[in-house]
Every structure is written in structure tokens, then in C-alpha cells.
Ligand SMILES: Cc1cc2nc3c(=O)[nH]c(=O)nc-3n(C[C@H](O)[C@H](O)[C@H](O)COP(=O)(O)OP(=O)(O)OC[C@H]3O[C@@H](n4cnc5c(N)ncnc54)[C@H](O)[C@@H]3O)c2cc1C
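As a starting point, one isolated chain is supplied in C-alpha cells, in the form predicted alone.
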Amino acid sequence: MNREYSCKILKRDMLTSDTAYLTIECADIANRAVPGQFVNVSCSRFLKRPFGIASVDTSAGTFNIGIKVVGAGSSELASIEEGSIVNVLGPLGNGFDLSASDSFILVSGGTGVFPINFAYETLRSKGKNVTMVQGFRDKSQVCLTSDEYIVTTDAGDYGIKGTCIAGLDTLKIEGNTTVCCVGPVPMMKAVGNWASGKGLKCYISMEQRMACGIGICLVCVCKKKAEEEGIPFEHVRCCKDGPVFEFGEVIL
């Protein structure tokens, strides 16, 4: 059941010049959240803003979100003072199927690094084999990375020059492996096609604009292949029916 909470901002770190990382206090969300879910956070603007959950600490009763400044609402939240109270609705949506296999390739681009980070931490805690591939525009945007990750940049000023596909092409695929991907639609389409070419199951997360977050407003609909013969597609709500889908289910 979706619930709204008044939550305290315990910490705010700037990961890049335009990307903040907030630690938010709410034990219920921390305990209930699964990788791939998101929360809607209030600001002074009319609508809440959706953010993928980046990490949880159940012992501390906290969770984290990453905020890249793209407009007035995200700018306000990215500069919020520690100790401030915000209204948070969540956790929302459906997460990744992390029981699909024992080996995973996690691919992220842009703000997709945040929900993918939660999946990475969860899989590692379960002792599963995980390979992380991150794609960024250039070095100034690199965040939440590690020496053990495969990192690509379009500019070639950090890691491998090129897109995430350049990083994926360095991998040797063994056994039953599942791909999880979050990022811009062109990147997820390319990653999904790469996975399909390798015979791998791939899950993607549709980062649509989500006004209500609970499936009422229909702002975030996307096209899904219809099961009924003769109908090319049906509309589904990314917030309620997703945001995670199997790559082959949706029309990008």
C-alpha cells in the first residue's frame, strides 16, 4: 500500500557540479523498498518529483536518492538544506526480478546510475556475480563509480571512449546471465538489442515523467506489445505497471 511520509533530510552531498545525493530518514521506506522502485518527493512546485531509490540502510532507517538539476523543482531539491522536512510518497512501482539468475550485468547511463546502484548493492549482499557498466557524457558527469566497474564516456576523457555498448563488448558472457538497464531510451534500446543478440534476458526501467506516481493521472503511459492478436500495442502506466519491464515487452 502506498503511503506518504514526512521525512527529514539527514545529509546532502554534491556528487558533481549539478548532481546532489540526499540521505533521507524513513525506516518504513528503507525496509520496504526493492531495487527498481522510486519515490515521489515534494517541493514548492505543484507536483512531486520522482527519483529512483539509490540505496537503503535498514539499520539506520534511511534511503538515498540522486538528483540531477534539470529544472526548477530538481534545482530546489538539489540545494535543500540538511534538516529540512519533505513529503515523500513511496516506495512506488515494480522493481527488478533479481531472482532471474545468479549472474547479472547492470548497465546505467546518466541518472540511471542511482537505481542501478541499489540493484548492485542488493545483488552483492546476496553473493551473486555482478558486472557493472556505466556510461556518461564526459568525466565531469562520472559519479557513484568504482575501480571495478567498466566506465565509458562519449568524450573519451574517462574510461573507454564510446557508449555503454563499447563497455559491454569487452565482456565474456558465461552461463545464465541477466541484464538490467536504466538510462536514456536510445541507450536502453541499444543495450536491449545487444542482450537479445547474445540470447540474454534484459530488463529496462522506463524513466517517464510521473505526475502522481500511483497510476491515476496517465501522464507516464508507454507502449507495450499487446497480447491480443490483431492489436499492435496497448498503453501501460510506467509508474504502476512498471517502471521495470522486460525489454521485449515494450515498444521504444
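Values in this document were obtained by computation on a predicted structure and should not be read as measured data. All residue numbers are counted from 1 along the displayed sequence.
This protein has a second form, the form predicted in complex with the ligand, left out of what is shown; the following refers to that one.
Segments offered: 207-215, 186-194, 23-31, 222-230. Contacting the ligand in the model of the complex at heavy atom distances within 4.5 Å is 207-215.
In the model of the complex, no heavy atom of N117 sits within 4.5 Å of the ligand.
A residue is said to contact a partner when one of its heavy atoms sits within 4.5 Å of a partner heavy atom; S74 meets this definition for the ligand in the model of the complex. For F38, a non-hydrogen atom is located within 4.5 Å of the ligand in the model of the complex, even though that partner is not displayed. Looking at A60, you'd find every heavy atom of it more than 4.5 angstroms from the ligand in the model of the complex. Along 32-66, residues F38, R49, P50, F51, G52, G66 each place a heavy atom within 4.5 Å of the ligand in the model of the complex.
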